[in-house]
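Given as C-alpha cells, the chain that follows is alone and in the form predicted alone.
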C-alpha cells in the first residue's frame, strides 16, 4: 500500500511539475506548482520527514505561493512579451535541463547514500528528524548552505534592481510644473469655417 501511495504522489508530482513549465496561463501554472508542493510534501511524509513536509506546506504553499498569486493577479502581465525569447533560448534550456538531470542521476546513483554512517543515523530512534536535519545542514553541509544563502541574496538584489530600473507610469502631481504652465500649453484655439445652411 505504501508503494502504491508513493507512485501515485510521484506521478502527480511529475505531471504537475510538467504542467508548470508547459502551461501558458501564469495563474494556472502557479496552481499546478501548489499541487506539486503538496505532492512532494506527501512523498516526504512517506519518507518519515514530517518536518520538511510541514515546512513545505506552511512556508511555500501558505506564504510564498499566495504572495506570488497576489502579484500575478494584480499586475498586468503581457504574455506576448514574455514569450518573445522562448524559441531563441529553447536549445540552451534543453542543454541545462539535461545537465541537471544527469547531475541529479549521478548524485542519487552514487554510493554516498548507502554508507554505514547514514544507516546508523537513520535507524536511531532517540533523535528526531528535525534535529538530524539541523545537524546535517550546519555540520556536514555548512558551506553549501552558506553558498545557497549567498545565491539567494544575489537573486533578491537582482530582482530589486530589475524592478527599480523599469520606467513606471505614475499620475503624481508636480506643483512646480503646474505653476510654470502657460495658457498656450493648456488651451488651443481652432479656427473653423462657418457653414450657412440654406432652406
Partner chain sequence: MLETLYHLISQYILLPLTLFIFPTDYQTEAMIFLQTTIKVIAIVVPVLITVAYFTYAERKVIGFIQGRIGPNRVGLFGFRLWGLGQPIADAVKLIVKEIVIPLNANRQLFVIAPILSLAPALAAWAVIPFDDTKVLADINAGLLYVLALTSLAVYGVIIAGWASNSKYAFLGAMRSAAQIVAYEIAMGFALVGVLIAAGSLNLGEIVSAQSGSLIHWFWLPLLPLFVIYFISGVAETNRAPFDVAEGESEIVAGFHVEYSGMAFSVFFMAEYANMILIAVLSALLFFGGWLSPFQGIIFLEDLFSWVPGMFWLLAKTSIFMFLFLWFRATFPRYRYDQIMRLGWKVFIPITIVWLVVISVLVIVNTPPWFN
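Positions refer to the first chain, counted from 1. Superpose the two forms; the largest set of C-alphas matching within 1.5 Å is the rigid core. All figures in this text were calculated on a predicted structure; none of them were measured in a lab.
Another form, the form predicted in complex with the partner chain, is not on view; read the next lines as being about it.
*Asks:* Is residue 192 close enough to the partner chain in the predicted bound form to count, meaning some heavy atom within 4.5 Å?
*Replies:* Although the partner chain is absent here, residue 192 would stay clear of it in the predicted bound form, with no heavy atoms inside 4.5 Å.
*Asks:* Does any part of residue 34 reach within 4.5 Å of the partner chain in the predicted bound form? Heavy atoms only, please.
*Replies:* It does: once the partner chain is placed as it appears in the predicted bound form, residue 34 has a heavy atom within 4.5 Å of it.
*Asks:* Counting only non-hydrogen atoms and a 4.5 angstroms cut-off, does residue 73 reach the partner chain in the predicted bound form?
*Replies:* Residue 73: yes, in contact with the partner chain in the predicted bound form.
*Asks:* I'd like to know if residue 25 sits close to the partner chain in the predicted bound form, meaning any non-hydrogen atom pair within 4.5 angstroms.
*Replies:* Within the cut-off, so yes.
*Asks:* Once you overlay the rigid core, does the Cα of residue 133 travel 2 Å or further between this form and the one not shown?
*Replies:* Residue 133: C-alpha displaced by 2 Å or more between this form and the one not shown.
*Asks:* If the two forms are fitted on the core, does residue 181 show a Cα displacement reaching 2 angstroms between this form and the one not shown?
*Replies:* The answer is yes, as the C-alpha of residue 181 shifts between this form and the one not shown by 2 Å or more after core alignment.
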